[in-house]
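Here's a solo chain for you in structure tokens, the form predicted on its own.
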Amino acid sequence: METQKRDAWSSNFGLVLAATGSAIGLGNLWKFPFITWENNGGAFVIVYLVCILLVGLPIMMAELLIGRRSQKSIVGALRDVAGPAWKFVGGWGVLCGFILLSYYTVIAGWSFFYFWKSLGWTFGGFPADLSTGDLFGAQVGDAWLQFMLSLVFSIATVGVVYFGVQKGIERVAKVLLPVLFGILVLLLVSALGMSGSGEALKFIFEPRFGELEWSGVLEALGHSFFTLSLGMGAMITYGSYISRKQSIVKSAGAIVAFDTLIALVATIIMFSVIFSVAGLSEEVGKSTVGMLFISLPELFYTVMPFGTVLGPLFYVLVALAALTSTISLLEVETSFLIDERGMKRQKAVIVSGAAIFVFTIFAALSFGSTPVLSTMVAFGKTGWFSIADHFVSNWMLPTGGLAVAIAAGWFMTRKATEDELVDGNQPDWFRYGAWRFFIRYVAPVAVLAIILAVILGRDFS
């Protein structure tokens, strides 16, 4: 098998932007605002931030250090640092990324549809008799439209990964992430000018621990783990491209900070709109897609300042956030084929992208257009899309994260992990002893709590 020279990030800045892009996605713009609303904000947000620090950050560092230590994708990385049998655990991560990307691409494609529609509304006016709920139902039920949207997004993802780490992923991240941040700032400024912004800020940040139930604590714990793209090999793969001159601790801290900040900003924007429109709060909690694809399109053109400009920009934001995530997921599969099967990058990208797209078609057609895919039942879920999402969110990601914590905390030697984290570039606030305690004891127990909750019937999808 021919050995290929391993690509690497050109700078710590490039790594942080690319990995932040992987972590930032629809979980920030869609799921976090929804679960914050469901759990009455305030105390939930505080618990979430604590979970990010105690669970998410230590596992993030663990994934990055495993990648850099081995200089391999997830299968080879876990095999090298934890033992031969761990290649199967790595294979579980590759499969997780495969399934997740197959249905995530479908949601990502919706952003193209709403961007196009928003452009039409910006120049032609928002139709007074349009039901955005009916519009959403019609577009997800249109088989040909779903196929084409997913195909275009898949091609965009393949196109970036095809050119490699520096020339593809890093170069695109350096362009897309600043654009994403800029759009988010514009939306935030507009939202803070709305009448409900004060009430939104109070709802999000005022501690009200009496309103937080144990189910909310579990939700905060679960999302603190899922939001950072942990448990599926993306950060191990990205970590394998880190040079010895770059600090894992600094990078992990910056990635977690940016991801958390963007989730909070997105929540402020959405809640400012919710509290500015009478009666909207009763509608938001009815559906996870309600705010992003049903309520917001109309509100941009009826109540939000500068909404005719910000409407299309918002769906550009959604598309960019989704694309930076799909890129990292495809890189997991590509890196596996390069390292374990000896494929050239270009061939590995096309093979993995094509294989995943077959299953993307299944997900795209499972919203009513194809009965056999829309009515199949498993895990208490109906439809291929919902079944895949449930399996990944509730079983694959938590078990993958638990494996990483155990591998780094119990199978790697203290010297091996200390050499990766205490490298002379680490920030003053970092304490290796504290990290080792959290990765050995706190993180595994926390992830086991998620798995136990799933066994008892909790659904994190």
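Quick note: we count residues from 1 along the sequence shown, nothing fancier. Since the model is a prediction, treat every value here as computed from it, not as a measurement.
Here the subject shifts to the form predicted together with a small molecule, a form of this protein not shown in this document.
- L26 belongs to the set of residues with a heavy atom inside 4.5 Å of the small molecule in the model of the complex.
- The closest non-hydrogen atom of L100 lies within 4.5 Å of the small molecule in the model of the complex.
- Looking at F112, you'd find every heavy atom of it more than 4.5 angstroms from the small molecule in the model of the complex.
- In the model of the complex, at least one heavy atom of S328 sits within 4.5 Å of the small molecule.
- The candidate spot formed by Y104, F226 and A234 lies fully in contact with the small molecule in the model of the complex, as each residue has a heavy atom within 4.5 Å of it.
- Looking at 226-234, 197-205, 152-160, 76-84, the stretch with residues near the small molecule in the model of the complex, meaning non-hydrogen atoms within 4.5 angstroms, turns out to be 226-234.
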